[in-house]
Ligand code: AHR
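Only one chain is included here, represented as structure tokens and corresponding to the form predicted on its own.
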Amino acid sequence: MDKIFIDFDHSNGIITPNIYGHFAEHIGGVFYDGLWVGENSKTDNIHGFRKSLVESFKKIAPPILRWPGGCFAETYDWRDGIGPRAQRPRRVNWWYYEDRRIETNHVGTHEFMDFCEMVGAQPYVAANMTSLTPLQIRNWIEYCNFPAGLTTLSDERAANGAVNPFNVQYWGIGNENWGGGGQMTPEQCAREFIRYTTICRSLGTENLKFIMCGANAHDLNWTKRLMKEWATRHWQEVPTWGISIHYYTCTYSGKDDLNFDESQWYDELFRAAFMNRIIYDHRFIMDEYDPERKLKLVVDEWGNWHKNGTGPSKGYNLFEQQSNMRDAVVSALTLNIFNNACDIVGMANVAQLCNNLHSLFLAGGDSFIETPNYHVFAMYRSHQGAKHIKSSVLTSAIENNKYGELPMLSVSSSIKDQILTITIANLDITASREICISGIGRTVAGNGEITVLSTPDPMTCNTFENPTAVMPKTKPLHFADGNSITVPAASVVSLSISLSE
């Protein structure tokens, strides 16, 4: 029997809701016929956005949404996306070389802010440090945040339909500057970031949180050189809030990722679990130059990256992929890692929201589904803003020469308003696990409920034809300290217990 010990005497702090952030880029079908159908569409919509998606997304309390890229941001001029929609310019999208799709700019700053307001998310804007000037980015911030009547730019925003400021706090300056974002060196990236943010001082920066472009995956050399250059500039006009990293499991290849064997199941999970080492190793490097840990670690792109064309559009929507229980378990495993590292991770943004990589939604025409990934975020919602509680796990493990050991259970726990939430991912594809749960410093006892996301076949997907093939099931739970639960193979489980003492 496996064992989980909930240690109420040890915590890494509050789990910021921003760990449960999302990402929507202008790529493939994420926006057009995904999120956005247009105000004159026959598909039910709210201000042009797909109504079913808006309502579903709102249910999981999305805290923050990153936009407009991704790589798209590096050739995006924000002025293309304001003003009357019929007069906005059509542009070659960054991804045109892949799918020959033209950007209409029908979704711009105002539409994005409207969407964020509808679902209750804060906007996180990824600004173009590759091909726009510092002044253009500074002007975008003024356009978004200054009161109408104060400046010409804020008056222009009001004339375009938004009298009240958008009050955007989070600004990523640059995206993947080690690659498509200018092929910069770490030193160049740090210097450019400081140059771009310096001129924003006049805007008043007490409510602005600037995020610097960090490394790809486990590139510790980038972090070390970037941080060293950043730290040598002792006199910085504008504070830096965070540093970003991106990590995809990257199994895209010639194989069909909807059909996998046992070895391929575990291969994916080993690479997903590597996220733990990534965040702790980067934080270790950062500590040399930021010993007080003033900078937040921001994992603003993460998820599985599979073979293109497995989604319902059959390849029309670039990078669109289906999701099954393997993707759901990766979601649960990753969120557990972030929860347990809530003292390190200040924000995370799963990529992407719709019709793309590791998506929560798939949509087209009048069709719309929630993927298994969506249900994991719904099951984990109670962790947002809760106090992290340390979980110790006794379970079996398998080993890999490259990645080391992979425990068969991934666990995180938290408490808020005397309600204990425990989330568990069973990484074992063949066997259920019987798990004994008990408390340290306090008993785990009370009434609540248990939710299980599981299917007999872990390759099962939700489709337009069968949108509820993979669905969580919830039932009441009366739990006494030391009781056990049985967790199905290849499943995700959430326990919510109102503690009785």
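A residue's number is simply how far along the shown sequence it sits, counting from 1. Being a predicted model, the structure only gives us computed values, none of them experimental.
Keep in mind that the form predicted in complex with the named molecule is missing from the display, and what follows is about it.
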* To do: Evaluate Ile389 for contact with the named molecule in the predicted complex, applying a 4.5 angstroms cut-off between non-hydrogen atoms, and reply yes or no.
  => no
Would you classify Gln352 as touching the named molecule in the predicted complex, given a 4.5 Å non-hydrogen atom cut-off? yes
Q) Is there a non-hydrogen atom of Gly70 within 4.5 angstroms of a non-hydrogen atom of the named molecule in the predicted complex? A) yes
Note to self: Even though the partner isn't displayed, in the predicted complex is His246 close enough to the named molecule, meaning a heavy atom within 4.5 Å?
What the structure shows: yes
Only one of 78-86, 257-265, 174-182, 122-130 sits within 4.5 Å of the named molecule in the predicted complex by heavy atom distance, namely 174-182
The one residue among Glu320, Glu301, Glu370, Glu103 placing a heavy atom within 4.5 Å of the named molecule in the predicted complex is Glu301
In this chain shown alone, the residue from Phe112, Trp222, Trp95, Phe274 with a heavy atom within 4.5 Å of the named molecule in the predicted complex is Trp95
